[in-house]
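A single chain, nothing else alongside it, follows as structure tokens in the form predicted on its own.
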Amino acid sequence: MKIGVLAIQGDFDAHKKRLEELGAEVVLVRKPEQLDQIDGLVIPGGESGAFLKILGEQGIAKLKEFVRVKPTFGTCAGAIMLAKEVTNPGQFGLGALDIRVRRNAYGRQIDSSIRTGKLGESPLEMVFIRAPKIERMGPGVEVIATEGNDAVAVRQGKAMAATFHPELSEDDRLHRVFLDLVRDGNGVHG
């Protein structure tokens, strides 16, 4: 099972390390053609506007095609990238998840925090850094994790997103959920 981590910006190394700890072969994706060689993709945190600029038209088109057919996990800015609708300010989203997200909803960098939310019914440490907030979810969106009354990790089809940074806590369960999605989504078992 080969997992790509979009490595053009943001904290992609923490995702790479976590996925390797869980036994995945990890490829740092820097060019659109590398998407052809992987079974799943993680889009890390960073600055979503910068992702769009760096990827360019061709990269965005290739990424949009990838997220339509293969498992993808977006965290923080990655969640913004996967959304159908983005506000504060408005921005292009890949539309893989039928959600509306508001950028920087928890404040600026200085307002970053570590909170305890829930993955199903069990506690989960969550690191929020300039995090987006999911303001609307379509009927096909499943909530995986919550913080207070907010959905902070969701899944729809082959796409999943977290508005926080699961790679920065010790808990690896969300990455495990993603790897299961890749395994199930590609007929890869074991």
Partner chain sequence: MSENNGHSTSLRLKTGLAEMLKGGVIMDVTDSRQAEIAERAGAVAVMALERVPAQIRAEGGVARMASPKKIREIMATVSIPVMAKCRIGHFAEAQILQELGVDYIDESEVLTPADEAHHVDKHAFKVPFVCGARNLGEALRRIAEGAAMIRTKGEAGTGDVVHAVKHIRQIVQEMKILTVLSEEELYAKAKEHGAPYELIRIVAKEGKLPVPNFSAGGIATPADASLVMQLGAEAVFVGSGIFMKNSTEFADPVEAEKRAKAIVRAATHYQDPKVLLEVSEDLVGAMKGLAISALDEAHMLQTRGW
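Residue numbers count along the first chain shown, from 1. Remember, it's a predicted structure, so these values are computed and weren't measured experimentally.
The same protein also has a form predicted in complex with its partner chain, omitted here; what follows describes it.
Here is the short version: of Ile54, Val143, Ile60, Met137, the single residue with a heavy atom within 4.5 Å of its partner chain in the predicted complex is Ile54.
Checking Val182, Leu168, Ala24, Leu174 for any heavy atom within 4.5 Å of its partner chain in the predicted complex turns up a single hit: Leu168. In the predicted complex, its partner chain stays beyond 4.5 Å of every heavy atom belonging to Gly120. Using a 4.5 angstroms threshold between heavy atoms, Gly40 stays clear of its partner chain in the predicted complex. Contact check for Arg100: every heavy atom lies farther than 4.5 Å from its partner chain in the predicted complex.
Proximity of Arg115 to its partner chain in the predicted complex falls within the 4.5 Å heavy atom cutoff. Using a 4.5 Å cut-off on any heavy atom, the residues of 27 to 52 that reach its partner chain in the predicted complex are, in sequence order, Arg30, Lys31, Gly45, Gly46, Glu47, Ala50.
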